[in-house]
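First, one chain by itself: the form predicted alone, in structure tokens.
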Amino acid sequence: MKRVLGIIASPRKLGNCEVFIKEIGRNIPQEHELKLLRIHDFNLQECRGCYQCLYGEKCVIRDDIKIILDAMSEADAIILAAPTYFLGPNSSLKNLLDRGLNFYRIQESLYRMPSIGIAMAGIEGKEGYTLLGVNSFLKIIMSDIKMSRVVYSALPGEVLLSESNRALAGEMGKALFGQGSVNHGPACPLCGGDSFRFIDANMALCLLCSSRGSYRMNNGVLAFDIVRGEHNLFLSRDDAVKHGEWLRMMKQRFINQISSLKQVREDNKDGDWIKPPPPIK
């Protein structure tokens, strides 16, 4: 039996992200069990950048990150849904991604895991970069994105009142362990991303994999000739391994330059700070 993990990056219970994931689950033809994880339910603190987890040690922060990592590593597939908050994904998703150094410890179990991404938005065309944030999470954990789409719905539960949304959930359920369905339209040839920053008259940067190259019109259709850079995070398994090695090297570089770095920080220790009030006893 397949084990599917639904990750909900929304604080709202029984909201559109949750009910849409459940609808996808009802349309998965393979025998499976659907486990649900709401990021907001967990005590998840901010990463301190200590790099301890990169050296095979447990995260020094005493919170619930291990529960989430275990759930991810034990899954056979992941469905991720995040709502749009002011033109971007809810911050809980970025907070979990910021703890991504821990993902290196479970990298083998996540590699090529099939996944589905959903960006939920209440106003059509006002999803901003929510889908980019969802795809970024799924790419960085090295999963195989079978489908990722923006879904429009505002009121809690309204998403399933739409016939087209229910049909999309059906497609996603069938695609999860199937062949998948790529996005149509101009895309990065390296990662499939469809979000770009145009640097100048003929240069573009893919915002998903951060590779750059040129763009042109091909029979009236915008086409991108993106080239692999020297430092990639997730385009291949080797890329992910090398990035981990680079991070460990940076800690050694910090140790080698600690005296000069300490002096710079000492020279900049003063400042006119606005502070929160002390806690009430």
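One-based numbering along the sequence shown. Keep in mind that what you see is a predicted model, and the values were worked out from it rather than measured.
FYI, the form predicted in complex with a small molecule isn't displayed, but the following is about it.
Comparing 131-139, 199-207, 166-174, 116-124 against the small molecule in the predicted bound form, the single stretch with non-hydrogen atoms within 4.5 angstroms of it is 116-124.
Proximity of Lys22 to the small molecule in the predicted bound form falls outside the 4.5 Å heavy atom cutoff. The small molecule in the predicted bound form is not approached by Pro89, whose heavy atoms all lie more than 4.5 angstroms from it. Shown alone here, Tyr85 lies within 4.5 Å of the small molecule in the predicted bound form, counting heavy atoms only. By the criterion of a heavy atom within 4.5 Å, Asn102 is excluded from the residues contacting the small molecule in the predicted bound form. In summary, among the residues Ala71, Ala154, Ile106, Leu160, the only one with a non-hydrogen atom within 4.5 Å of the small molecule in the predicted bound form is Ala154.
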